[in-house]
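Just one chain is shown here, as structure tokens, and it is the form predicted alone.
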């Protein structure tokens, strides 16, 4: 009896039971491996120290929304097992030439840290970062198992860096270049540099590369990439060349068509391939984009695949209403649609009639000037509200709008998460009643309980911001342009929107008093951007003194430095950081 008892763990034998804390830690780590949401993981890490450590050990994907919010050293010391990185740099207004050309967001110091800490790294996704050809070369040398590179709105690199990456990263599955500025110095035939004996490519996007390509090399590359599912071409690929590619790759699910026009050497009356049959063979296609220099006569070629499409991007295609109608009448499964306003209200009415599953709509202006004519109005918005009840996200550029139309959308589309209405002319009221647009935007925040992103425009008084502060508790990103009467408008927002993370303001009458109203909340926000407002240099200094863990940057849109004698600040960019002020700011960017 005693001998048997001695053999039982925990009853006096040589075997010792595992520590209860160790058991809990092992269980926790196994559970956390299945937790993928960044928000949930962040919440777990705040429970206690042991959960903080366990969460760090099990995190394989690292997301950093501001490259200056934390240092590369701190990130790599905490997270030791990362194989995928998402890193963002400049704020969104960099896309609209509202920042100095030389500002920062360099990837080099991050890459140096990643190369030392994560030699097994497989994926890098950068947005609004500066990455050089040397960086691309270091990626290819430092990470032997590297598989995916996605660059969105990045700059600083050219085709020579792409050539090194293509030749050295033998396991490369994804190379997506999206809205990047690719330098044209020392142009290299990078498409010829992929391995000759077959590739692992699953996605290749280079529609933003505004340089001629070696099409024969591209055709050979597509032929030896049997796993290729996504291909987005630039405007130097004609529809005849597109035909040759899709015949070789009928397995594609996502396609950017290139120019969608014949080559310059084409002779009218010349026999052309059967484009329609080639598209019909691509039975897996669910996404179409491109159409950068479209000849509408070729549009019937895509009709056979329209019935299967869930996403259609015509944001480069100058189509009229009739041309759009001929396409969307086949698109019963469409969930995402991007178009130019040249489709007019009539085109949007056709969308509303057919596309009942639409969840995202973006309508861009073909002419973004404030005094442009504008081709869509409240008529198109009301049609979408009536016909597309599943809508979750809308971006709508127009020159005229009514409160009634916006209210209708708030009442019909209760699942709206993103509502961005951009009335391009400054301070424009409801064009039928001449009243401010207050009630329309008020209805959006009152009726759309899932709303997290809101962009406002048109003639708005402080009353509209009172509505946003009172009912917009779920809003995390707010963009304001040419709006508000006084500082009270911004005070309503800062005191009421407790979940606000990103606040972008331009050309509005808000001053130091409004800025001080957010002192209690700025540490909880990712950033605040204010340009062409009434913020003074002294007021900005007061904020930096009151909140020392915030970085307060002031600068002009050009390269001129901010001077002590300047009274008002052109642009204020304020963000939280664990590291304090950065050490790579150029001389024309002043950190207070």
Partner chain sequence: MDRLESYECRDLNLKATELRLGLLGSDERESKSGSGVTKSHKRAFPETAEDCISSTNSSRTPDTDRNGELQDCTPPAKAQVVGWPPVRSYRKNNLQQTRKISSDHHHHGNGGGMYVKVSMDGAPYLRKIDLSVHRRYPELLQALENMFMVSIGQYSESEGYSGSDYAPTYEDKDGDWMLLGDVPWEMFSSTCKRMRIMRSSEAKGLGCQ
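Everything numeric in this text was worked out from a predicted model, so none of it was measured. Positions refer to the first chain, counted from 1.
There is another form of the same protein, the form predicted in complex with its partner chain; it is not shown, and what comes next is about it.
Between its partner chain and the residues 519, 329, 295, 115, the one pair within 4.5 Å by heavy atoms in the model of the complex involves 295.
Scanning 424, 137, 404, 282 against its partner chain in the model of the complex with a 4.5 Å heavy atom cut-off leaves one residue, 424. Taking the partner from elsewhere, residue 563 is found to have a heavy atom lying within 4.5 Å of its partner chain in the model of the complex.
Although the partner is absent here, residue 569 is a contact residue: one of its heavy atoms lies within 4.5 angstroms of its partner chain in the model of the complex.
Using a 4.5 Å cutoff between non-hydrogen atoms, residue 100 counts as a contact of its partner chain in the model of the complex.
The closest heavy atom approach of residue 120 to its partner chain in the model of the complex falls outside 4.5 Å. Contact with its partner chain in the model of the complex, defined as any heavy atom within 4.5 Å, is confined among 411 to 419, 167 to 175, 89 to 97, 137 to 145 to 89 to 97. Contacts with its partner chain in the model of the complex, taken as any heavy atom within 4.5 Å, map within 523 to 540 to 532, 533, 534.
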